[in-house]
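Take a look at this one chain, the form predicted alone, written out in structure tokens.
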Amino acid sequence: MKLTIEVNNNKIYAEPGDTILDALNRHGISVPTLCHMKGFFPTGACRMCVVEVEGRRNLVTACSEPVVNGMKIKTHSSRVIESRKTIVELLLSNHPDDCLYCERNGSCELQKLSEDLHVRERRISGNKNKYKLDVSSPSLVRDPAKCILCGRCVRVCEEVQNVSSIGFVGRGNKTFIDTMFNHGLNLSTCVNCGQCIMVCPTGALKEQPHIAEIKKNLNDPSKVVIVQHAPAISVSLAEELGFKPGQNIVGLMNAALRRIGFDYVFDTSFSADLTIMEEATELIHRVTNGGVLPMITSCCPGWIKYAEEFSHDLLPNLSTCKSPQQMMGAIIKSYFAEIEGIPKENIYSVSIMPCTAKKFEQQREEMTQNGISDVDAVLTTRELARLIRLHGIDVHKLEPELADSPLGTRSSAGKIFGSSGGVMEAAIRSAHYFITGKEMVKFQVKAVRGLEGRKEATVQIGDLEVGVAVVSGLKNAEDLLQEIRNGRKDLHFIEIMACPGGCINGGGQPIGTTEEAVKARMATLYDIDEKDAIKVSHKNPYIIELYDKFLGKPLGHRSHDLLHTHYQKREVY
């Protein structure tokens, strides 16, 4: 039975079990929040969402107060507005006054609240926060002085990612957020996924910047600067540049990258195809030769670090394949350098990724060949948008351009890597062909598609029944891994992505991403798959040529040296 409540002298309906905030949001009535996150149990800690309820002496928090039939609510009374304004002023009283230099200038929730509540003078003065900047991580920068203690980063790290690398320290007005023993993020359990950045309302968290280093190499005439862009970038960059969410602007992006000064532009979807050739072959080898099962994907560096820290008992289950980023980097500095006659030490290799953990992966010792890194620098989607704006490029006025060959042609199987379930679906398509010699009648594996945190299916490949599972979000991954430890035997292949929904919702994506935007990105990737002619990695003509001319065969000697790696246990404090 629906409940009737009165809001600002208007009757609206609410569902049993709704909080006031739920009911207001459903009817398009906006109430500001800072600590609240959709889908999380409310804490009411920030008090920004307070409303006035008739008959109640004190203001109540809309995020945690349940609706009662007949309730009369004022969402923007003078008392409510003054309360919210005072909260913002208190937060600003010890907040750094460096908005013009802040990473989040223009996308800061505290800044927006100040604007909305018309905070135009300093009524409350306090001692400014003085904390040391934590730049120890290869992926993230933490500025505790800008933290407003909303707790969103702590909750996503613990409740979604199961990592708990940061937490509240101290009590009362001495409370702050820190790592264990104040050791810095590099010595914490942080897996570099960047989901904390995505939920932080201020500039307290950001990615480790690589733009300055890239600009330096772009201006060095002795360097051949090569860039690759991940499958998810072309459908998420659009929002940063004024296009509708999910629009595929790959051609415009290629054109913009050339105008910035990159000598070659490659599509990482090509090396996603290469990953499938190696990974599908590895899966078949394990299934037919009694190898360690279930095999688990190794494309996501956030998941890999989590496995090294918390699931090292399952490291033998990990695929030995490098990620598409690292495979592309390895091929650029071997095959491409060879056919173009470029000394590999003169190549500066840049990748554009939806993921902050890729910055960590890029500098791993395992990702080098004779002391030369496969990839030299990584830009997030956000950083690419800044670089485009820095060069004064209006992408709306560019003509679309193709990526360079021979490493620019992809199948649509490589493109759907950007979405949770995409790696699994692409692998199933090629594994089916390798085992049966025939293509699948229907390439779409809809059971592994969607934003659900966990998806499972049984796929018939010839005489084999292959059990597969797809999980995103490391808490979901841990739940499944615990089932494996407890003796579950029906799964052969598992795809794990650290970020909920996969790379389309990665920690390097546009700030303020909504669920609708993530769905739009996913829909575009599958629309590309529907329309493209080449839907399987093993039919990519340039992949075939690469094996014929250079690699030999999947899991061969040269493939193993360039495209495979190993992982090891990490100690956790």
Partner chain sequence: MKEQVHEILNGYPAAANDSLIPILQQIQDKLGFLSEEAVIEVGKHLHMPASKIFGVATFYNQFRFTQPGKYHIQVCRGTACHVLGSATVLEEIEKQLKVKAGQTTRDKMFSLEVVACIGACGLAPVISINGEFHAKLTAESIQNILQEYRNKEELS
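Positions refer to the first chain, counted from 1. Here the structure is a predicted model, which means the values were calculated and not measured.
The same protein has a further form, the form predicted in complex with the partner chain, not shown here; the description that follows concerns it.
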| query | finding |
| --- | --- |
| Contact flag, E366 vs the partner chain in the model of the complex, heavy atom cut 4.5 Å | no |
| Partner contact for H183 in the model of the complex: the partner chain, 4.5 angstroms, heavy atom | yes |
| Interface membership of G170, the partner chain in the model of the complex, 4.5 Å heavy atom rule | yes |
| Contact label in the model of the complex: L241 to the partner chain, heavy atom within 4.5 Å | no |
| Among the candidates E401, E158, E89, D263, the residue which, in the model of the complex, approaches the partner chain to within 4.5 Å (heavy atoms) | E158 |
| Selected contact from S83, T320, N129, S164, since only one has a non-hydrogen atom within 4.5 angstroms of the partner chain in the model of the complex | S164 |
| Region of this chain that lies against the partner chain in the model of the complex, out of 489-497, 175-183, 279-287, 137-145 [heavy atom, 4.5 Å] | 175-183 |
